[in-house]
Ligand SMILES: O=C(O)CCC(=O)C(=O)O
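Before any questions on binding or motion, here is one chain by itself as structure tokens, the form predicted alone.
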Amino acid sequence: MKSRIDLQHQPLTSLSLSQASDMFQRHGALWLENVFSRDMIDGLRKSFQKRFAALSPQELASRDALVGDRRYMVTLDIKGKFNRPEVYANDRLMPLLAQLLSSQLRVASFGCVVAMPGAEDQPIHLDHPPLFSGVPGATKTLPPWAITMVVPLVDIEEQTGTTAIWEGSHQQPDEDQEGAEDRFEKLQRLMQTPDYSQAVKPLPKRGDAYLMDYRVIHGGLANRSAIDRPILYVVYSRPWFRDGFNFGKQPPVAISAKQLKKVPKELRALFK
């Protein structure tokens, strides 16, 4: 992956913050190593498995949770081990997210996607239809309006599968770039005839995270292992954005008034 930084469990310095911001804006994705402690990630996995195992197929269907072959997206209640600032407002990442989005950013959605053993490749896609598609040059010039933080709850290997990401696909090519393919033409071609030769396939370990611009082309790969592959996702956005595309029956964020009181006062605006 072209954009990759090892945080070594330390906050970004002013220099590395600038480098990380530049990398993300150029590639539309950024792999950050050693963001979280592995003990914390293992605790999140146990908590998720306990909750996910309790959901029946009927309940999953009622949530409209199926997002591919043997692949489920579940909005998580922000409580217990998930209601911790280290999870939703990690101090190693918030300065970067604020610089890329806004100091008034919000948590637009919070949940987990799990690919069960034997799950096939997910259709290649965008997470949201393009905004401002009628504005000439908007796709190339506008900064990100939403960013997904992906936190694997298991070590990602070739057998478990990962997320294939087409770096740079969040922007249109220069108009004078000869032979350049329109990003939506590229997406249509990849959807019809998947070709992963130009995609990056990060293999993060527990404690790592990667960020994806909401406009980048990507798709989850098949799970050929004997274990499930759960990934926590937190989507951060500018304060005006609401995702009505991915959330019909289940809410994008689930936090009760009781749990919101447990959030530090200075962070409660994240869940407005």
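Just count from 1 along the sequence shown to find any residue number. The model shown is predicted, which means the values in this text are computed figures rather than measured ones.
The same protein has a further form, the form predicted together with the named molecule, not shown here; the description that follows concerns it.
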- Taking Val67, Gln122 and Asp127 together, does each of them reach the named molecule in the predicted bound form with some heavy atom inside 4.5 Å? yes
If we test each of Thr75, Asn90, Gln171, Thr163 for a heavy atom within 4.5 Å of the named molecule in the predicted bound form, the one that passes is Thr163
The listed residue (Val113, Leu97, Ala146, Leu153) that reaches within 4.5 Å of the named molecule in the predicted bound form by any heavy atom is Val113
Find out whether any non-hydrogen atom of Arg71 is located within 4.5 angstroms of the named molecule in the predicted bound form, and reply yes or no. yes
Going by a heavy atom distance of 4.5 Å, is Ile231 a contact of the named molecule in the predicted bound form?
-> yes
Check: Given that the partner is absent here, does Arg215 sit within 4.5 Å of the named molecule in the predicted bound form, heavy atoms only?
Finding: no
Notebook entry, point to check: Using heavy atoms and a 4.5 Å limit, would one call Gly220 a contact residue for the named molecule in the predicted bound form?
Noted result: yes
Note: the named molecule not shown here; in the predicted bound form, the stretch from 30-38, 237-245, 223-231, 56-64 having heavy atoms within 4.5 Å of it is 223-231
